[in-house]
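Just the one chain here, the form predicted alone, laid out as structure tokens.
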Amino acid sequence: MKDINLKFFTITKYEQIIILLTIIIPLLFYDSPYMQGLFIFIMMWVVLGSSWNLLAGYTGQVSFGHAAYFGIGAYAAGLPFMHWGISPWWGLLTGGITAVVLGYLLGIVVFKLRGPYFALGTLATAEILRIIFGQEEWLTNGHNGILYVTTWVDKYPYYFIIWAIALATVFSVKALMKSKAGFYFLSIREDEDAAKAIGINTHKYKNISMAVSTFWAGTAGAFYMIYMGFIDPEVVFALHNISIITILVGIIGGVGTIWGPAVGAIIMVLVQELFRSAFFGLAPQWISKVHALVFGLLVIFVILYMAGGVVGDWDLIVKKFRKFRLKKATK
């Protein structure tokens, strides 16, 4: 197997193996809708984590409000169906575009802020949208939500749709980071004032990063509406279940790495499901109530011992593992 050289980037042999595995492994669980559902959510979190990573990990604009773009994408798919009977599948196009418009309007304000003030600005936006969409029942049906009868009972079509979206997200980020814009993103992340001093239009390139990031987050939200068949403001604009988990996916996998969010998505979904199911019924039931605590401890461990995340510190992890094995063998 050889590397595939495309115009904007190279698909390495390792990435080709990953692509093949993500096709083959789900097929091995054809008779398990439960496992198929897990694979779907892993891919959805790959999209969200990679979109957040572009804006926060590569451009240095740490967002705490990615639920705003996810939620607006979900409602861009749901509202036309609710009011005019238009298929939510159109949301795979309109969800991303609507999120880009929201991101651009938000950027006019929040890009004037930096650091924690930027993060709080994005967080406030998601919370404001959650309240508005919950109160304005004439527009959104409020907390009753929007219900849609899903197209297929079989989960495989949904898996390969979100699989394609996830690959498009990852490789669009990779292509962007290989371009001139990618170098400008890194310059803004390292020192925005210095980037301005050498003539980089920082506002323009922050908007480019925001546009790509919000497009994929909005597309993930639209897919969620199509797949789940139900949305309400408390779910799609949730700080803890969307924004915070998106950040954890990036941190655990590796901020500022191409495949870090994918690894983070696998870890987060599997850990969450293990504790939610009390290790598939093998552990006491109270275990299902402490998954948030486990996430917190996991993040603390990563920050203390693997600041670059699993992918970012992979060489260090391998080195320590080899050292441990050698030490054990010599005893």
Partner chain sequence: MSFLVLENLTKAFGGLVAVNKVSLEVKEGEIFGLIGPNGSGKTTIFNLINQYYSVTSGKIYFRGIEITSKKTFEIARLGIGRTFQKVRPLKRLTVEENVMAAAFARETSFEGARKVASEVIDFCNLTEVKYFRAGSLPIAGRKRLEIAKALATRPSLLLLDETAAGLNPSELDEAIEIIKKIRSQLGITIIIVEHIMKVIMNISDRIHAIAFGSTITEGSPKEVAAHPTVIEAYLGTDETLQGGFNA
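Quick caveat: nothing in here was measured; it's all calculated off a predicted structure. Residue numbers count along the first chain shown, from 1.
Although not depicted, the form predicted in complex with its partner chain is the subject of the following passage.
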Any of the heavy atoms of Asn201 lying within 4.5 Å of its partner chain in the predicted complex? yes
Touches its partner chain in the predicted complex: Lys180 (any heavy atom, 4.5 Å): yes
Is there a non-hydrogen atom of Asp154 within 4.5 angstroms of a non-hydrogen atom of its partner chain in the predicted complex? no
Look up in the predicted complex whether Ser187 has a non-hydrogen atom within 4.5 angstroms of its partner chain, and give yes or no. yes
Stretch in contact in the predicted complex with its partner chain, which is absent here, among 77-85, 157-165, 142-150, 189-197 (heavy atoms within 4.5 Å): 189-197
